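Just one chain follows, in the form predicted alone, and it is written as structure tokens.
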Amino acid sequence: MDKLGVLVAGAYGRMGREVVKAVVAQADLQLVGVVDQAGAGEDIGEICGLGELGIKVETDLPAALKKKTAAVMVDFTTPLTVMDNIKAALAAGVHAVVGTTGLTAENLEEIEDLAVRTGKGVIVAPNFALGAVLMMRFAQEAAKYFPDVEIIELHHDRKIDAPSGTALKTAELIAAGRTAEPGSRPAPLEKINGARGGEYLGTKIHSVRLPGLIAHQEVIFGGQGQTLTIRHDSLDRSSFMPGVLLAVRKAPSVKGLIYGLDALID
């Protein structure tokens, strides 16, 4: 059986290391390259505690894509570099699975256009945890009956974008699920600017960044005499790996852009 070649961009980071370990453990996948600006020249197996794998960290992604046998690039880098990385992958004829958040609607439109023109697939997921996907689905369903809702998303202190991609995607699904507009509210008297969070598609979003957290989200609906809270917690980065592996295996059959892991599961 031919193995599917995978290159990991951002392999030195915490999510990247988890992806490396997950790919190496699969019988049908083969880790063919790793790229990061940190750890140049080090063996990625040693970095990840797997022992020597004979795969060194490289810093030049376009060069690595050209000389490797990757069918799929997995990107967990930063919002500052992800667009260049996606363009490099598509230019090299490589599909992309992207977990880096911070992409704008304009970015997604550009990715869709590039993916269609190159005949390759790009899967962008704000959250690869299957529980988070279900949380978003449940929120969309609840929005039919509870139009008034706020989102609190909590992440580790190194996450630079806010709100999270998961929170934005959740707000989009809530907006799509609503059958009534949220109730009118008086303009808040904010004693501290931003205390009431930001608003997106009629939903307030509050972002928390603290050490000790990984990825967490509460969706709180309010109705007459009651509230409904839907919460998901990722307690370990390994929680994202089943979704990442699902996307890696699906990517070669995709043409164009898929946004959100929910499109890949029934």
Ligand code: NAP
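Heads up: residue numbers just count along the shown sequence, starting at 1. Every value quoted in this text rests on a predicted model; they were computed, and no experiment measured them.
One more form of this protein should be noted, the form predicted together with the ligand, which is absent from this view; the next part is about it.
*Asks:* Non-hydrogen atoms within 4.5 angstroms of the ligand in the predicted bound form: do Q140, G197 and F221 all have one?
*Replies:* So, no: the whole triplet misses the ligand.
*Asks:* Tell me, please, which stretch of 122 to 130, 145 to 153, 177 to 185, 109 to 117 lies within 4.5 angstroms of the ligand in the predicted bound form when heavy atoms are compared?
*Replies:* Answer to the contact question: 122 to 130.
*Asks:* I need to confirm a contact call. Of Q37, S238, T69, T227, which residue comes within 4.5 Å of the ligand in the predicted bound form, counting heavy atoms only?
*Replies:* Selected option: Q37.
*Asks:* Heavy atom to heavy atom, is D161 within 4.5 Å of the ligand in the predicted bound form?
*Replies:* Although the ligand is absent here, D161 would touch it in the predicted bound form, with heavy atoms inside 4.5 Å.
*Asks:* With a 4.5 Å heavy atom cut-off, would you call K255 a contact of the ligand in the predicted bound form?
*Replies:* No, no contact at 4.5 Å.
*Asks:* Please determine whether V24 contacts the ligand in the predicted bound form, using a 4.5 Å cut-off between heavy atoms.
*Replies:* Judged by the heavy-atom cut-off of 4.5 Å, V24 is well away from the ligand in the predicted bound form.
*Asks:* Taking heavy atoms only, is M15 within 4.5 angstroms of the ligand in the predicted bound form?
*Replies:* Output for M15 is yes: heavy atoms within 4.5 Å of the ligand.
*Asks:* Judged by heavy atom distances of 4.5 Å or less, which residues of 84 to 119 approach the ligand in the predicted bound form?
*Replies:* Residues within 4.5 Å: N85, G99, T100, T101.
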